[in-house]
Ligand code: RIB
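Heads up, the chain below is alone and in the form predicted on its own; it's given as structure tokens.
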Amino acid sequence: MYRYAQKLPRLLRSLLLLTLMTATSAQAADRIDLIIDTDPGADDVVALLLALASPQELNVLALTTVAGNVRLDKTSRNARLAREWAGREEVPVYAGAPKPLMRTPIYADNIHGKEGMAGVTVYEPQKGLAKGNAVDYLIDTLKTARPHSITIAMLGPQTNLALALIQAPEIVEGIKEVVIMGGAHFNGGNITPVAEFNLFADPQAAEVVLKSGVKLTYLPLDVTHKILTSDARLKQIAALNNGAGKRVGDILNEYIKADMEHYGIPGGPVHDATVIAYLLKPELFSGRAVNVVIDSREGPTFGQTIVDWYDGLKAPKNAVWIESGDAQGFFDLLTQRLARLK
């Protein structure tokens, strides 16, 4: 384009170059500065590959890891594996909290496998962790960020961000939005009859984040259980015939078995990847602003998200609750982005 521009009259050439520079600047301005807090986990790995394959829209500043689906050492290794598989080794990975704020740690290795990624072989990635702790990274980065400029995708228990907010509550000024995979209302829970795993794993941390006043968007089981795999959708991923498509296919084929059997559904959800899809294409999803309360009391409702969907309490709306999404649109987006990887 610049070579052809040299043949144009000077004024026209200047206008063309200015237009190109403006378009480039606008594209850069539209990118989301993003920190992904994660506990990989099969669906987390799919989410990370989707995010790291989308550099035009998502400026991934770092991955911060937390104990959740498996122990911290394993979630940190799996995050680095996803980074390696995406060819994005320049993105730092910081290890964070090894346990919840208050409760006894729980894991979901019965669903994700002992290493957190059933269906594929795991190994030690070539590049190690970044020096420092995830909580310190969050504090330092958000303190120095432009006001309301950084989005945080929360794919696991919210322990890291809660610890950062407890130590430095002023970091809320640097946060644009926190987008959370977690909670359940209409669907019911997946770890207890009413609680979703990420909230159940550390409800006290989720309360800290909820009460901080940051802009919150929840993608709960209500929506993730509507965005299910199918034979046709898995075949479109397999048809990519690249390493990323094979890995994701192998992961999903193993990961979805438990949910399909437990719920009696024809496919399985890819929970955490819906957060990244929401950031990339929010038009695929719908929901509404609601009041959310998290139950952290010991008892049968521990970890429940209580959602005033119909505004019966007339309480302040403190979160956006995503309730439905375009399943085929999600899998088309995922397939398109995986095609960019090796």
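All residue numbers are counted from 1 along the displayed sequence. Everything numeric in this text was worked out from a predicted model, so none of it was measured.
The following text describes the form predicted together with the named molecule, which does not appear among the structures shown.
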Could you work out which of A206, L155, A97, A79 is the residue within 4.5 angstroms of the named molecule in the predicted bound form, going by heavy atoms?
L155
Find out whether any non-hydrogen atom of T159 is located within 4.5 angstroms of the named molecule in the predicted bound form, and reply yes or no.
no
Any non-hydrogen atom of D222 within 4.5 angstroms of the named molecule in the predicted bound form:
no
Does the named molecule come within 4.5 Å of any heavy atom of T75 in the predicted bound form?
no
Close approach of T64 to the named molecule in the predicted bound form, 4.5 Å, heavy atom:
no
Taking the partner as it appears in the predicted bound form, which of 293 to 301, 42 to 50, 279 to 287, 311 to 319 has residues with heavy atoms within 4.5 Å of the named molecule?
42 to 50
Within 156 to 189, which residues have a heavy atom closer than or equal to 4.5 Å from the named molecule in the predicted bound form?
M181
